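First come two forms of one protein chain, each written alone as structure tokens, so that there is a structure 1 and a structure 2.
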Structure 1
């Protein structure tokens, strides 16, 4: 293993020059142009990491997995997670590490006490070390981005599956987008909880916003219907368009549940099942004046 103690000494003695050159390189690639980080923050992060890298070089050599690099790796992990949340790209995040190569190489080349062979060996050791730390940074960044995406998908699924109370004992669940297993679970949980909360008798599942219904989607719908029935609520499916109806017939899909073409038709049926009816109010005065006649539910 190459003795990189010399690099640690050079970093300590030439910190100001290294830091200045490193920050200039980060500025050139547009790190500050994103508007997600200030120059003071960039300087503070760069200085702190340079100190931790120097300590790692002094005590752990060029092995980035050594415990001496623990503080440096922890800082890179925190920085990667933070930048993933801030919306930095993988390239912008990795540049934090890889842009440090040139300042370190320049320090080695300016040291007249090193022979060409020593300088070459130390340069190669630094290259491998920073490459390993850069890959570690990207791995943490990618994991953090995946966690953000999964959380956003979960939040979007919850927001896109509202359960609406149409009338006493009647709920509507308008679905928009494709149904998959994960989203079906969210739909089912939201619907069942609302059924319990409002003691609903009828739940209308409106699929007007579902682009297509295949065998898998039908299975997800049937699971939701079955779960609602177990909680004491009957279900009506509305919004089956002609194209979807034809597709379901071709696929041999049977929902085995009452369905209506529109939400209005489903609502009328739900009112009828709960002993209500939609009628027009008799308002002779309003009719005489040419005003529209409102409706009411009895």
Structure 2
């Protein structure tokens, strides 16, 4: 059985050499080129980790899950998480650990006090240990990235489904992006809640920003329309672009709902249905006086 504690002593006595070789290797693979981390930070991180690793080696043996390695693992977890958020690649992140192999091997093999067999045994022990810590780093990296994705998904789901009140009793729901099942649920609930809250008569669902309407999207739309109807609001669908309309015909889906080319057309129709109309006041006044008003918004 090799005494890993020997490595701790070698790390302590050879710290300066290990550190400079390790940092050179990290620079060589481009850790600094990304510009996400400064040389000072890299040096500080490397030195701190080397100390923590040394403490682990001194008391924890070759088992990286031993409590003595706790501080080293904690630091790796923090580093990995922050690099994941900063946009480092998995390789760039794991390089931190894996590039430490070479300097440690060199220290072991240059040491005259160790027999070749001892040096080989210790080298093997270091390899296993750093591999474990490297995998740990990647695992944390992966988890952090997944957390980011989940958070973004939740943000997108909430952000992109606003229900807009256009007029008394008239709501608009501008849909943007993919109508996957998770988002559709939010969209539907938001719309129905607002229909109830403002006692809407008409809801305009605008799909100008929906890139693809397939059978699942169509089904979601139809369910939303049916539910709104039960709550007392009629729906108008607007913004069906020509290529989408053609595709829907081939697909065989029929949205048995009133549809209008643009949100503006749908709004005009909604006003009309609720007994209102938009007229051009200024233009009418100008026409009465016989001269047009140039550049004025009507």
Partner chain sequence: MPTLRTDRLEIRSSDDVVRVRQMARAMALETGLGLVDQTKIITAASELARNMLDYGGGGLVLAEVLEQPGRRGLRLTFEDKGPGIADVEAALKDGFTTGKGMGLGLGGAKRLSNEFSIDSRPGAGTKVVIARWK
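Here, rigid core means the biggest group of C-alpha atoms that superpose within 1.5 Å across both forms. Only a predicted model underlies this, so the values are computations on that prediction, with no experimental measurement involved. Numbering follows the first chain given and starts at 1.
- Between the two displayed forms of this chain, it is structure 1 that matches the form predicted on its own.
- The Cα position of residue 218 differs by 2 Å or more between structures 1 and 2 after fitting on the rigid core.
- Comparing the forms between structures 1 and 2 on their rigid core, the Cα displacement of residue 35 stays under 2 Å.
- With the core held fixed, the Cα of residue 238 is displaced between structures 1 and 2 by 2 Å or more.
- On a core-based overlay, residue 191 has a Cα shift of 3.7 Å between structures 1 and 2.
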